[in-house]
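Given as structure tokens, the chain that follows is alone and in the form predicted on its own.
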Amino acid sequence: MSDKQAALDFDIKKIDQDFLDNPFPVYKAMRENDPVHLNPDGSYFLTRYEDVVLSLRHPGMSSDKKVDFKPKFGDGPLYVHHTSSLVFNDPPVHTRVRKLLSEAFTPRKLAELEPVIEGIIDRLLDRLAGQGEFDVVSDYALALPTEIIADMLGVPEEHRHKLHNYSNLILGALDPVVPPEKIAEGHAAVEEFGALLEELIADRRKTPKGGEMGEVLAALIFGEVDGEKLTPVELVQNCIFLLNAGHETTANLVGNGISILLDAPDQMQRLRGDPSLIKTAVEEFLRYQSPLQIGNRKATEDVEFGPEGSKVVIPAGSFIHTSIGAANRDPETFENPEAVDIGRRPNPQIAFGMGKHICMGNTLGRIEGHVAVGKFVERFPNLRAAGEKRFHGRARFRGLDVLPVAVS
């Protein structure tokens, strides 16, 4: 089948294992042959950088999913969660909730977190150094963001091992096609984690001054914007959102970054020779294997997309899939986009989105990436692959499920 035919035949509801393993050839074919692709279900799929940026910035694009998620989730816990959390709401709700959540990500708070992050990483590396062989994902990449988010929310140690599974099940339900049993598991995850958070919130209301643990939870409970506080539902669901947003993408960034360096030994050597490149390296990891591959918007007015000479009007009411993973490899924006260049400048990657919905944790995620990947590469000069890596097989988010390595 030709690339053009493959692009024209693409169906977001019928993606296969080949796409999940490596979506980039499909993105390329669509970007070149059908950049404003109409799916059989009437939704659109955007793959050009300029179009994806326009969809993220245009005032006629909505993030509200109260109508679109109803057929998929019914009235269950997943529906309540995804329509109450920050990411799937428009102003004024989005503005109010974002202001309250932003208290967790002020420059002062981030400065306080840096030594905490370094301490967690150093302890993890000390433990791994004695093992010889281990899995980067489960033994390292997941551990840092889990600890950070759990500290922010005051989740006790005995419950922290459950957080990754909660996040997987809740975010996995956002994929274009999800089996009924996975939807049921997602509902259960929201319910179970929500019940735990309600207990933590009730305890914190009794003892507002609880020290550093759960400081962000306390800020969300007692914080006000223009005299308004989060409702009980908003409070619980946005705590779940913080876990999902800060846990999944950071773990994917760290795992993907180490995997990229293993696949590009010249870039690994380059980073070892010049550790100051870690900041541009993290930007390149975000570009090359964007942790969030596909976002969504809904057009509230007719908007034109596509290259000059072949514009397509997406009509009001249309659901749009914004392929960040495709945009970040658009040769119209990035020179030699299929190659890894850890010193790439400029690098206007959009892995964290942009506009009013830009990820508010993007600075924290970058700090975690700099420390986690930089220290890992420095600590293990004999790092090598020790088996087949495997991606977790979700379309919306891209990250590794397994990355076995040897370090001695």
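On a predicted model such as this, the values are computed, not experimentally measured, just so you know. The first residue of the sequence shown is number 1, and the count goes up from there.
Quick note: we don't show the form predicted in complex with a small molecule, though the next part is all about it.
Picking from 271 to 279, 189 to 197, 118 to 126, 289 to 297 the stretch near the small molecule in the model of the complex, with a 4.5 Å limit on heavy atoms, gives 289 to 297. Scanning Val373, Met30, Ile342, Leu364 against the small molecule in the model of the complex with a 4.5 Å heavy atom cut-off leaves one residue, Leu364.
This chain is displayed alone, yet in the model of the complex one of Val87, Ala150, Val312, Leu100 has a heavy atom within 4.5 Å of the small molecule; that residue is Val87. Taking the partner from the other structure, the small molecule in the model of the complex has a heavy atom within 4.5 Å of a heavy atom of Met360.
Proximity of Lys72 to the small molecule in the model of the complex: non-hydrogen atoms within 4.5 Å are absent; the residue sits far from the partner. Using a 4.5 Å cutoff between non-hydrogen atoms, Asp51 does not count as a contact of the small molecule in the model of the complex. In the model of the complex, the small molecule stays beyond 4.5 Å of every heavy atom belonging to Ile221.
Relative to the small molecule in the model of the complex, residues Thr47, Phe391 and Arg396 are all farther than 4.5 Å at every heavy atom.
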